[in-house]
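Next up: just one chain, as structure tokens, the form predicted on its own.
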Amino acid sequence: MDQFFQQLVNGLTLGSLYALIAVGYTVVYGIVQLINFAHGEVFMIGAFGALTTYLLFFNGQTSVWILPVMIVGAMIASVSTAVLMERIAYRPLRNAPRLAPLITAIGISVFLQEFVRLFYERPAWTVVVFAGLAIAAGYAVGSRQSGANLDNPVTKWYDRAPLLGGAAGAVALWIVVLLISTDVSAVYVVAAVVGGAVVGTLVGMAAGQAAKPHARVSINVRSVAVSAAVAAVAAELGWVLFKELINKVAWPSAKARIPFPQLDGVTGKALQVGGVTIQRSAIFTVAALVVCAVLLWFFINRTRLGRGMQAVSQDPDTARLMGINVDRIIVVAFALGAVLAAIAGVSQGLQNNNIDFRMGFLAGLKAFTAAVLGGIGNVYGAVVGGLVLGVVEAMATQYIPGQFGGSTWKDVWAFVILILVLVFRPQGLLGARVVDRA
């Protein structure tokens, strides 16, 4: 009997991990009818985000209070990846044949794996990210300063040209200054910021004049100057962070498994309850699922955004006519799934004591199986499906006799379950929430 309960605990732990990832699949599918096969890599990037946070700020420490900060770092990495994925890769294909976003998702999955494998130990790429963030920050502040509507679908890029030109001009001068000297002394910082603001303003005004025949709105000089100044300051702050913080860390190679931080309280000596051994990381994983499930229920059923998600999942066209910003709801769906995937990534690292760039592939497939098992499109079904899949895997490992048993066959049995569900109950255990759209 102790053996049965031990396998039940193992199965619930594994199932909780699958459930956290599976919710991301089912939330996105429920909103945009898309199977995001790159979601496993969002989970993987969450684990690397937590590790990065630890190496940057807490390297060598083991206090349990580090864990919440690591989770926040994981969330930032996962949500940023998921939102960029939706904006750059999926949104342009929203009305394309379904095969197009599916192939795109597989391509993104491979790209993210290879990016982490090749570049995690070489952080110079973050300078490019800081440059992009500086341009985005300059444009955002400048557009707010101008007060103009820059979202006209026909002329938006002409309308935005002065602000984007100002921010890009400031960042371009910042790059030139870096090529001359990488010093972060006060003289160079002031020169880069002041020079960037001036040059950016001139470039922005020139871009505005070039786009003026096609633009619908006019941007004043003050807004362009604000855009350039903010971009210059943001770019210089990014360089200081890179030089004084990021570049001083000895980053491990992601081409092999990387040890994950072991923290007091959530790792260490296992607990014994009778004849059952319970790992501390397992308690964290199950507790994380319970807390996330409760918060998710509250968010979906008790908040305005959650009700908007329900409306869009039923009929996006009618929801748009009722004043709901469908694009915003879709971004929220991707971000919500990414948050849960990030927590799952931290849980996986704590359980396995290591992470690697391939960890998201199989975990993503298992989570997809769990989502289908519970009913793709049904959030609660994803949780149930994950728990059922984890328990079935654990029990099959222990109780199936002969050459078809053991841990080497657990992945086989997981996908056998997927095939059986698709054949005999394609709507899943709880039934997918499908609405016929006129």
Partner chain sequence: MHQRSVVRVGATLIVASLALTACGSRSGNSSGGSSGGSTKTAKIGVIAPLSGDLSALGLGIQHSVELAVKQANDSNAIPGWKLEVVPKDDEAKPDPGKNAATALSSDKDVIGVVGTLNTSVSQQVQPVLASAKIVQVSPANTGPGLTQGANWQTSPKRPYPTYFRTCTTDAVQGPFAARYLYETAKITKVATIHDKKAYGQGLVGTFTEEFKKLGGTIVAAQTINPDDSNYQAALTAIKPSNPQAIYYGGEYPQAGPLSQQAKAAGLNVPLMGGDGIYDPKYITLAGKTSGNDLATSVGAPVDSLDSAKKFVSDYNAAGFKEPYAAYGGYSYDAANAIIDALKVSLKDAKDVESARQATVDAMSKVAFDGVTGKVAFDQYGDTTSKVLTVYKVAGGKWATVETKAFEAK
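For clarity, every value in this text was computed on a predicted model and none was experimentally measured. Positions refer to the first chain, counted from 1.
Separately, the form predicted together with its partner chain exists; it is not shown, and the next lines address it.
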I'd like to know whether T104 contacts its partner chain in the predicted complex, with contact meaning heavy atoms within 4.5 angstroms.
no
With heavy atoms only and a cut-off of 4.5 Å, decide whether T53 touches its partner chain in the predicted complex.
no
Is K243 a contact residue for its partner chain in the predicted complex, using a 4.5 Å heavy atom cut-off?
no
Applying a 4.5 Å heavy atom distance criterion, does Q262 contact its partner chain in the predicted complex?
yes
Can you say which of 129-137, 189-197, 351-359, 336-344 gets within 4.5 Å of its partner chain in the predicted complex, counting heavy atoms only?
351-359
Sort through R87, R144, R257, R222 and report the residue having a heavy atom within 4.5 Å of its partner chain in the predicted complex.
R257
Go through S80, T155, S109, Q279 and name the one with a heavy atom inside 4.5 Å of its partner chain in the predicted complex.
Q279
Within 1-21, the residues that have a heavy atom no more than 4.5 Å from its partner chain in the predicted complex
Q3, Q6, Q7, N10, L14
